[in-house]
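A single chain comes next, written as structure tokens; it is the form predicted alone.
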Amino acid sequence: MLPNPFDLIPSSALRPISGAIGDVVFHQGDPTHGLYVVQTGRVHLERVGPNGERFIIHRAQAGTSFAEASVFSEVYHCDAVCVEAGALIRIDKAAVLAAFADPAFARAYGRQAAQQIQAQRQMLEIVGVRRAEDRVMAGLVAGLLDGSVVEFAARLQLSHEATYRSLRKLVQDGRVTNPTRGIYHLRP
């Protein structure tokens, strides 16, 4: 089942895709065919720097969509790479554009876009915090530690070593609990 508003799109506009680790869903510069919803697995949207270095610009996980801007573009502006095997649904670009005629779809799509903007603004504020310990605390308060500490560190744009040190200090200071390895909770 697709998340709202994509559940309002006709099934004839949906194309299931399987992805293995390392599979490229699309390349920067490829013609756009639609946007995608991750059913299982994870996909990173990446840009390539002038020296071949790769920069992650978005991390899509199960239940989330990506490449929404492609609906309004002729070409994809980044690469989409499967970093965890899974299942995707490609939603046809023309079907998405046609769905905007339905007020319920347009409102739901706008609501989803607004939530994504809020989340991005929050992330910009968090990664703008200079002290690692404060940034880690801000990330915990925002509920960003929902996977491994290494993934959490990457989201915070910190090394995993700095993140572990900060978590250890927050536990020592009594601001955070660590009931089991890799699990951290804010103190009530």
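Note that the rigid core is defined as the largest set of C-alphas that superpose within 1.5 Å between two forms. Just count from 1 along the sequence shown to find any residue number. Please read these numbers as outputs of a predicted model, since none were measured by experiment.
Quick note: we don't show the form predicted together with another copy of the chain, though the next part is all about it.
> Please tell me whether any heavy atom belonging to residue 150 falls inside 4.5 Å of a heavy atom of another copy of the chain, as the geometry stands in the model of the complex.
Close contact is absent here: in the model of the complex, residue 150 is far from another copy of the chain, nothing within 4.5 Å, heavy atoms only.
> Taking another copy of the chain as it sits in the model of the complex, is residue 65 near enough to touch it, meaning that at least one heavy atom pair lies within 4.5 angstroms?
Output for residue 65 is yes: heavy atoms within 4.5 Å of another copy of the chain.
> Taking heavy atoms only, is residue 137 within 4.5 angstroms of another copy of the chain in the model of the complex?
Flag for residue 137 set to yes.
> May I ask you to state whether residue 53 is within 4.5 Å of another copy of the chain in the model of the complex, using heavy atom distances?
Yes - in the model of the complex, heavy atoms of residue 53 and another copy of the chain come within 4.5 Å of each other.
> Check each residue of 150-188 against another copy of the chain in the model of the complex and list those with a heavy atom within 4.5 Å, in sequence order.
Counting only heavy atoms within 4.5 Å of another copy of the chain in the model of the complex, the contacting residues of 150-188 are 157, 158, 159, 175, 186, 187, 188.
> For residue 137, is the CA shift between the shown form and the other one at least 2 Å following rigid-core superposition?
Yes; that C-alpha moves by at least 2 Å between the shown form and the other one.
> Using the core for the fit, does the CA position of residue 171 change by 2 Å or more between the shown form and the other one?
Comparing the forms between the shown form and the other one, which are aligned on their rigid core, residue 171 does shift its C-alpha by 2 Å or more.
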